[in-house]
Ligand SMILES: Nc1ncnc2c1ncn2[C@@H]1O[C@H](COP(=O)(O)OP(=O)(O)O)[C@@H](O)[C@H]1O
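Below you will find one chain, with nothing else, as structure tokens; this is the form predicted alone, and questions on how it binds or moves follow later.
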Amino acid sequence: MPPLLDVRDLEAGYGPINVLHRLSLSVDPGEIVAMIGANGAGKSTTLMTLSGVVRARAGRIVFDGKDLVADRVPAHMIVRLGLAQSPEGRKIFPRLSVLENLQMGAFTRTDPDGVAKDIEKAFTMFPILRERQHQAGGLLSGGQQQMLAIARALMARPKLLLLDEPSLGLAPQIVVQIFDVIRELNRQGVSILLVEQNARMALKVAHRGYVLETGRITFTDKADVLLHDPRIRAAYLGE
């Protein structure tokens, strides 16, 4: 089967500065692919470019057979095609309730019955969100906000879910819970591109991995191979 996401020679940046340099990667249907790297390596820029928030300057982003760059597909249409992101820092709507945040995640959809079922599914996956559904999102704890950000992205029924630093700033027990959810989502058929500074956790949950350094892919292999590579262990696992 062809890749669900196929990125070739991607370049993107801000103002006169290029952040991504001929970046190439792929995600196959049913895969979890991890992208690890230091702060400032370009990981978030990669996801924002895939989502259409940052404009690609060169290269190709082919998602589910459609070239998002050549066809200049806007961000909201990329969501409609089945690519949704849970961004770094959660970025929930702090004054909207938990329920309203979930409804916002379904803004591209026109099936109210299906939306209601998916909200119920989100509440089953994250029971605390059911308890807090009428509470303002900004009053949730950091871990609860991360659960809400993931659930909101899932409301778009994505074929590919982009997760940007889902463990950032969370207590260890919440991190374990989030990664359990990532595994379960993948078992349910959701393909995932995971950006994560916790390289050990990311590579343990992923099928394959990429290492990004200053906007360039420097290593790629099966996740378990990267996990035991002495260079990766020294640079990203503190060993």
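Just count from 1 along the sequence shown to find any residue number. Owing to the predicted nature of the structure, the values given are computational and were not obtained by experimental measurement.
The following text describes the form predicted together with this ligand, which does not appear among the structures shown.
With this ligand left out of view, the stretch that reaches within 4.5 Å of it through heavy atoms in the predicted complex is, among 43-51, 59-67, 24-32, 181-189, 43-51. Checking Val19, Leu227, Ile217, Leu10 against this ligand in the predicted complex, a heavy atom within 4.5 Å turns up for just one residue: Val19. This ligand in the predicted complex comes within 4.5 Å of no heavy atom belonging to Val175.
With a 4.5 Å cutoff on heavy atoms, Met201 does not count as touching this ligand in the predicted complex; it lies far away. This ligand in the predicted complex is approached by Glu88, whose closest heavy atom lies within 4.5 angstroms of it. A residue is said to contact a partner when one of its heavy atoms sits within 4.5 Å of a partner heavy atom; Ala38 meets this definition for this ligand in the predicted complex.
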